[in-house]
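Coming up is one lone chain in structure tokens, specifically the form predicted alone.
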Amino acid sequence: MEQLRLVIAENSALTPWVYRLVLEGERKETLRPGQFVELALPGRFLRRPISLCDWDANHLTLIYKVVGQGTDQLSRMRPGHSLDVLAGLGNGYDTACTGAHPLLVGGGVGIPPLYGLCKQLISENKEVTVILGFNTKDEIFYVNEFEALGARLRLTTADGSAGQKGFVTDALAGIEASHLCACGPMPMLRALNRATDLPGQFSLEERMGCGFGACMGCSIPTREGQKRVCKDGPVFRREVLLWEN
């Protein structure tokens, strides 16, 4: 973990409620797909955790959804504004265990961390299949970006307004994969757990306080005892999770 002062280079709307935030500045630590940052916003006591979407030596790209006062405040910040950022938080995806044909499945704002993961896997010469799920075509973002990486893409919408009608589990048919990496709302993850026996890694969403394991506010029961989503996760091996809870 490192604390940084980064400058907003871009803060633009991808959909009416989803924004892309690009932060610029120097950093030292190596980042992993699936990790997250915490942003300090003026006048807010708690930082806002946001998953990493993409990064290079001098930039962090974050994608977030406006869901409350904090993210609404963030959406109105303009380029040139600086932010206090805790970066390199959490346990990310382990690409070494994904095999040659990983399958990535994401829903809604669970999709951004899979972009960085997809980019990493393709750089390792793996053949990646991606399933992206949205409620309606008006919510779609980053489809072209995944395709530009060279991933095989399947798109679903719950209302059938784009891609295949249904949920991400409806797009599993015919896919031969070596490993599953997923990120999205818990109902989607539960459905995936029921629908496939692939070994996998699941990224969980949980309300966080500190973001680095001190407050214990995001603890969950697992087969290996209590785990902190912010510190031990947000990415967990599938076999560790207690799905009935």
Ligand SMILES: Cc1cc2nc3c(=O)[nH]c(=O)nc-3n(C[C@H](O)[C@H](O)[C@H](O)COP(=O)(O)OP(=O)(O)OC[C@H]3O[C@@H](n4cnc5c(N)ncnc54)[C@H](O)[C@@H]3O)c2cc1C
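Quick note: we count residues from 1 along the sequence shown, nothing fancier. In this text the structure is predicted, and so the values were computed from the model without any measurement.
FYI, the form predicted together with the ligand isn't displayed, but the following is about it.
Chemist: Between 50, 191, 31, 177, only one gets a heavy atom within 4.5 angstroms of the ligand in the model of the complex; which residue is that?
Modeler: Going through each option in turn, the one that passes is 50.
Chemist: By the heavy atom within 4.5 Å rule, which residue out of 71, 91, 129, 95 makes contact with the ligand in the model of the complex?
Modeler: Residue within 4.5 Å of the partner: 71.
Chemist: In the model of the complex, is there a heavy atom of the ligand that lies within 4.5 Å of any heavy atom of residue 106, even though the partner is absent here?
Modeler: Residue 106 lies outside the contact set for the ligand.
Chemist: Taking heavy atoms and a 4.5 Å cut-off, does residue 65 contact the ligand in the model of the complex?
Modeler: Residue 65: yes, in contact with the ligand in the model of the complex.
Chemist: Does the 4.5 Å heavy atom contact test between residue 102 and the ligand in the model of the complex come out positive?
Modeler: Close contact is absent here: in the model of the complex, residue 102 is far from the ligand, nothing within 4.5 Å, heavy atoms only.
Chemist: Find out whether any non-hydrogen atom of residue 133 is located within 4.5 angstroms of the ligand in the model of the complex, and reply yes or no.
Modeler: Residue 133: no contact with the ligand in the model of the complex.
Chemist: Which of these stretches, 153-161, 166-174, 121-129, 106-114, has heavy atoms within 4.5 Å of the ligand in the model of the complex?
Modeler: Contact-bearing stretch, as computed: 106-114.
Chemist: In the model of the complex, which residues of 30-47 put a heavy atom within 4.5 Å of the ligand?
Modeler: Counting only heavy atoms within 4.5 Å of the ligand in the model of the complex, the contacting residues of 30-47 are 36, 46, 47.
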